[in-house]
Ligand code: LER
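Single chain ahead, written as structure tokens, the form predicted on its own.
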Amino acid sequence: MKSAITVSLVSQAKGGPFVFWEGLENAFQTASELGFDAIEIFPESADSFQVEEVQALCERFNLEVAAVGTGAGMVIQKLHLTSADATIRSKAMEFIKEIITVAAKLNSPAIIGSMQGKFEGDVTKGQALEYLKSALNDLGEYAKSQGQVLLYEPLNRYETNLLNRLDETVAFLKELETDHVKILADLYHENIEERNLAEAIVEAGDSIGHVHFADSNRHAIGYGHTEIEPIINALKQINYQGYLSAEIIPLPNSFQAAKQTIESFQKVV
């Protein structure tokens, strides 16, 4: 398993669960100095940063890009995949495909979290899940054409009413025609939803393609009450080789949150 830390380039999301906020170079330099393996990037859009700049920073600081988030499509443009408005759904697809394209150039997958949306108003849960299924089939195949998988993140009940637990997400993904969608298991969300997180990870097995390394309070591991050792043992049991990426609230500050994360990672991994 490898370590990663998050950087947000979205001013509208200030205060959200991302560790670094002061630009890419600052994030890369600090992450490198602390001993991380990779950076996870949350950009405003696909054209809001230069691929060549990120590639140069990766080479300069000997880091990889773990993943690229799409959530700004929701935060800034209010786009999501389960809207009652077909135009909004279409624009959401276009936004995500553009992120997938850029992420693939950085040899990394794209993440769908908040852009999945929720069912509300005239859209029933069944209809929303059909919209989501259609979108993931299309986007999964597009990611495949770019040499990547697509990461889908089940969120907790307070953020979406679609899919919350790992087992129901595994079942949903098995219904897809594409085989290029993997689960992003966020420990913060799953601490809310799972009866036993370690058991849920073992049952999900190789459906898991990425992990967000966050404590029960969405702070750095070690700042909450998550028992991380059983979770790491579960990930080892399923032979998980991917990233543990800290999408967390940067408290008491960005540097200390990052430092606590890497120390916790080194202790248990």
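Predicted, not measured: the structure shown is a model, and the values here were computed from it. Quick note: we count residues from 1 along the sequence shown, nothing fancier.
Below: the form predicted together with the ligand, not depicted.
From the list 230-238, 31-39, 212-220, 196-204, the contact stretch for the ligand in the predicted bound form under a 4.5 Å heavy atom rule is 212-220.
Although the partner is absent here, residue 164 sits far enough away that none of its heavy atoms falls within 4.5 Å of the ligand in the predicted bound form. Within 4.5 Å of some heavy atom of the ligand in the predicted bound form lies at least one heavy atom of residue 189. Although the partner is absent here, residue 159 lies within 4.5 Å of the ligand in the predicted bound form, judged by heavy atoms. When contacts are judged by a 4.5 Å heavy atom cut-off, residue 83 does not count as touching the ligand in the predicted bound form. Between the options 106, 123, 129, 155, the residue in contact with the ligand in the predicted bound form by a heavy atom within 4.5 angstroms is 155. Only one of 146, 178, 114, 169 comes within 4.5 Å of the ligand in the predicted bound form through a heavy atom, and that residue is 114. With contact defined as any non-hydrogen atom lying within 4.5 angstroms of the ligand in the predicted bound form, 247 is the only contacting residue in 230-253.
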